[in-house]
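In the form predicted alone, a lone chain appears below as C-alpha cells.
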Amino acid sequence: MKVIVNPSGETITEVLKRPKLEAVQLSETIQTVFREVELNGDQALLKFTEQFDGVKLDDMKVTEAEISQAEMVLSESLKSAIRVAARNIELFHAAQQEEVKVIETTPGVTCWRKAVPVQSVGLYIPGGTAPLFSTVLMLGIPAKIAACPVRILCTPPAKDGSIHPAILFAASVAGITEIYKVGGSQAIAAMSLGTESIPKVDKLFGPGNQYVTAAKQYTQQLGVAIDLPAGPSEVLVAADDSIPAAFIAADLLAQAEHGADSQVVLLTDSEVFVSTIQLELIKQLAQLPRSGIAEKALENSVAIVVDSSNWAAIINQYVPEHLILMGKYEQEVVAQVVNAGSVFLGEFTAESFGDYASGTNHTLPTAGYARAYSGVSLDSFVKKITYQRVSEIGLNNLGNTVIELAKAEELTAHAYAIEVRLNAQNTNIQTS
C-alpha cells in the first residue's frame, strides 16, 4: 500500500481516485451482443456460451434433477451455514415491510401508498473466479418476500456444463427454480429482450465484470430497470492502534481478494501503526490462495495517516462501498458519516459478516454512487403506488383551491375537471 502522511486536500483527492478499468470497446461489443440475441434468441446464447465459456450446451435451463443432485453433493455443514445466512437475511428484509397508512389530508380527501411487487426480476450471478452463492441469497430472498411473480436466475456454466452446487442449493433455499446456464453480457441481453427460453424481465439485479456492468447500463435505454450502478468492490477501514493490526490487515485483504481492480483504503493516525499493519499484510498474504489477486488490488490502495478529526471528511469524500470503523474514535466519526454503502462498527464486526450472514444486503453502490444510491433492499423489488379518494365533502373543501392553482398555471382544463364536478353537485342540490 502507498502511505500518505498528513496530505493536503488536493493530495487526498488524487490518492482516493478509483483505479481505471482497462480500456475496452465496450459499447460496440455490447450492442453487437444485444443485436444478435434479439435476432437469433437461444441460438445466439448457445453460440456465445461456447465462444466465451468454452462449453457447448444443448439446453440452457437447469433441470430439477440437477437442483436435487446439488443438495446431495454439498456437505451438511455448508447447507446448514447457507440456511442460517438465509434465515438472518430473511429476518432483516422482512422487517422492511410497511403497513399501508391512509392519511386524510383534508376532510373528505384520503391518500395512501401501497407497495406492489415488480412483476418480473432477473438475477445475475457471476461465475468467474468464485461461485457467489451468497449473492443468490441476497437477491433471491428479498425478491421472494416481495412476492415478485417471476424470478429467474442466470449464471455462467463451468467447462463441464454444470452450475456450482452451492449456487443451485442457495437458489432453492431462496425459492428460485427457474435457472439458466448463461453468463456475461449475453445473459443480460437475454433477460432484457427475452428469447424462446428466457423471459424478458422488468428489472435486473446482480454484480458482474465490466461487460456485465456495461450491458446493464445499456438495458436502461431499452426500458429495463437495474438495481444500482456498480463497479469494482471497495472498503475503507478507519482505526487507531488500540485495534490489533491482524484484524485490520485481515479486513483489507478480505476486500482485496475480490479482484485485482478492488480498492482498499486505510485511515489511521499513526505512521508507526501503518508499518505494523504492512508487516501483518505480508504475513497474511503468504497464506492466501488468492494472494496474487490481493497483491494487485493492494497496488491500487492507500494508507492515509491523519488526525482522527479529519476522518469523517475523508470518508464522506471517498464514499466507500464498505466502511469499517474501529477503536476509540468510532462513535465520534460515525456520527458525522453521511456517505457510505454499509457501515461496520467495532473491532469484532468484520465486513465478512455483512457479505454473508448478518442479515444486511451485500449488494451495494460502488464508485462513489452511495452519495445518492442505497444498497439493495426489499424496496428494490417493489414499486410504491399512490392512491387517493375524494368524497363530496372533499370536493367542496379542496376543489376551489385546485381551481385557483390550475388557473394560475393557465391549465384551464385542469380547473374545469373540478368545476364540472362542483357544478354537478350544486345542480343536484338545487334539484333535490
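Just so it is clear, the model here is predicted, and its values are computed rather than measured. Sequential numbering from 1, following the sequence displayed.
Below, we refer to the form predicted together with a further copy of the same chain, which is not included among the displayed structures.
Exactly one of the stretches 267 to 275, 96 to 104, 295 to 303, 150 to 158 approaches a further copy of the same chain in the predicted complex with heavy atoms within 4.5 Å, and it is 96 to 104.
When a further copy of the same chain is considered in the predicted complex, V15 lies well away from it, no heavy atom lying within 4.5 Å. By the criterion of a heavy atom within 4.5 Å, S342 is counted among the residues contacting a further copy of the same chain in the predicted complex.
In the predicted complex, a further copy of the same chain lies within 4.5 Å of some heavy atom of S374.
Not displayed here, a further copy of the same chain is kept clear of D240 by more than 4.5 Å at the level of heavy atoms in the predicted complex. Put simply, of L253, I176, L228, A312 only one has a heavy atom within 4.5 Å of a further copy of the same chain in the predicted complex, and it is L253.
This chain is displayed alone, yet in the predicted complex one of A260, A214, V334, I145 has a heavy atom within 4.5 Å of a further copy of the same chain; that residue is V334.
Counting a residue when any of its non-hydrogen atoms is within 4.5 Å of a further copy of the same chain in the predicted complex, the hits in 69 to 84 run S75, S77, L78, A81, I82, V84.
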